[in-house]
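Just the one chain here, the form predicted on its own, laid out as structure tokens.
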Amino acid sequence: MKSWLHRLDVKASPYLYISPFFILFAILGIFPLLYTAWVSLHDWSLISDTHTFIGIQNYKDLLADSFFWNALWNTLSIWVISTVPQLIFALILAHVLNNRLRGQSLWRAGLILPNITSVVAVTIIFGQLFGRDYGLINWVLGIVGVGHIDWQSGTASSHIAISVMIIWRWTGYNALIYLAAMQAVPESLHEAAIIDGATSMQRLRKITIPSIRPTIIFTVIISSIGGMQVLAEPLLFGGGLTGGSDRQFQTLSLYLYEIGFSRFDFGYASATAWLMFLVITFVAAANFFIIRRIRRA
């Protein structure tokens, strides 16, 4: 009997220890996902008690909805403009901080400050900086002769302004991840390269980046997922739920919010959420396979 209990303990205990996470994930993650799929197959309005089953009609309407494609394009544009520079800056910043500097801990701790700052405060400050009439950015552009730009009214200009907010907020966070990975690269490799006359940038390209490729893949995928869900920055930048007077910076998340909590059309909003989920999954998978192919080349 004692031997049987011992074997049961050895085999079952590990599953018992990790079960709370999976139980919570099933309740808070899988169930809402499946329930959203069920709602998306109905004409489900918050102000109506009857929910008629309509099959995939919401998905058909959504694929023919020009506002959905506009929001998808805006999301992809902001994602590219914000993610690529963000990860390059983070990599360079981490490489610099990986060297011996005075006040090294202070500099490293400073990287996380933008990330712990309220996104509302960040957006309000950057909204002032990108102001049309009295913004600091336009004042500097006026000095160099470029002239004033109405950052909110233009599609490209609004995407750049929102991307700058995202870059400022997340560059330090990714730099810390890269810095942690760089700490594991053997110091002897850098010392040998220095003896051979390699410059700092050459060591970054030839030693550091190849050594931390798994970490770079991880940050690319996480940044892609986050970039496809941008909501707070375009919402608070101005223009309300429509993302500007001509929807010039309305993202998918903002469009989903508009359908669900402005029109109260939960069936259509659920279909939007599912298509958004599929787009995020596709972008993350594409990033993973492209980077893995580059890694093998």
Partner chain sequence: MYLTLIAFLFFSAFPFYWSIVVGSRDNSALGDVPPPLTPGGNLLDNIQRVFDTVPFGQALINSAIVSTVITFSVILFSTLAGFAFAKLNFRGKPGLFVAVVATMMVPTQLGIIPLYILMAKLNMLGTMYAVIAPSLVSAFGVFFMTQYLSSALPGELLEAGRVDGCSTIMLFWHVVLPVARPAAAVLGMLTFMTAWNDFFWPLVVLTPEDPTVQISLSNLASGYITDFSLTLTGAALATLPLIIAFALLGKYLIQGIMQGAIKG
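Numbering follows the first chain given and starts at 1. Everything quoted here is computed from the prediction, not taken from an experiment.
What comes next is about the form predicted together with its partner chain, which is not displayed.
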**Item:** The unique member of Ala198, Leu87, Leu93, Ile81 whose heavy atoms fall within 4.5 Å of its partner chain in the model of the complex
**Value:** Leu93
**Asked** Which of Ile194, Ile124, Ile209, Leu141 has a heavy atom within 4.5 Å of its partner chain in the model of the complex?
**Response** Ile124
**Request:** Answer yes if any heavy atom of Ile54 is within 4.5 Å of a heavy atom of its partner chain in the model of the complex; otherwise answer no.
**Result:** no
**Prompt:** Hey, in the model of the complex, is Gly227 touching its partner chain, heavy atoms inside 4.5 Å?
**Reply:** no
**4.5 Å heavy atom contact, Gly110 to its partner chain in the model of the complex** = yes
**Request:** Flag Trp69 as yes or no: does it have a non-hydrogen atom within 4.5 angstroms of any non-hydrogen atom of its partner chain in the model of the complex?
**Result:** no
**Message:** Given a 4.5 Å cut-off on heavy atoms, tell me which of 154-162, 71-79, 186-194, 173-181 is the interface stretch with its partner chain in the model of the complex.
**Reply:** 173-181
**Message:** Suppose contact means any heavy atom within 4.5 Å; which members of 51-77 contact its partner chain in the model of the complex?
**Reply:** none
